[in-house]
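Before any questions on how it binds or moves, here is one chain, the form predicted on its own, in structure tokens.
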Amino acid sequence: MTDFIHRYEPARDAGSPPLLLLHGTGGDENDLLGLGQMISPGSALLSPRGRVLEHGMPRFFRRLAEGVFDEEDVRRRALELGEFVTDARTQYGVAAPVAVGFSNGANIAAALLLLKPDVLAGAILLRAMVPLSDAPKANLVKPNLAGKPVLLLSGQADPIVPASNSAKLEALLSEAGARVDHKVLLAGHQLSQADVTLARSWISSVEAKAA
């Protein structure tokens, strides 16, 4: 298996989709376990730690400055993460997961959707930005998300993610065929109770459609 430090919690309800939990800058494999349990209590949880360190803080890819990504590294790290998920599915016997990513974790999840669409069953992107300015070129072909469900939750007062950027991400994913539900919350960059409530409701609706 690709060498990611990670946590795995087995499913308590076979009908709940597995979740891939992707932390923000400075988090680790334990950070989003509680969030995953709140969003979908019966789901298997797969939670890797980002392999890039920024001043000692784990991240999933390098950045050149606040909001400016090393896109070559984004592509490489997204493909590594995709290999990890594929290997973990075999090891733990789980279906394609729904990614639940916050900030840097949401950005790598968006990159994974664009570069390796088959790895994920869908995604909950919390405070995400456009990860790749040249996504179709990076993938050589236009990504095909073919109705894949995506929940994008942005903060109206987010000082890190401009409204224009999250709108561009919504358009990018929609043009690739994803079913994007984008909501802008009365929040900043940090998560709120509204994020939990909306994510839980959304994933229940995804489960119902898959049943």
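Predicted model only: the values in this text are computed from it and were never measured. For every residue, the number given is its place in the sequence shown, counted from 1.
Form predicted together with a small molecule: not shown, discussed below.
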Find out whether any non-hydrogen atom of Ile160 is located within 4.5 angstroms of the small molecule in the model of the complex, and reply yes or no.
yes
Just checking whether Gly67 would be counted as a contact of the small molecule in the model of the complex - the rule being heavy atoms within 4.5 angstroms.
yes
Partner contact for Thr25 in the model of the complex: the small molecule, 4.5 angstroms, heavy atom
yes
With heavy atoms only and a cut-off of 4.5 Å, decide whether Lys148 touches the small molecule in the model of the complex.
no
Within 4.5 Å of the small molecule in the model of the complex by heavy atoms, the stretch out of 149-157, 36-44, 53-61, 169-177 is 53-61
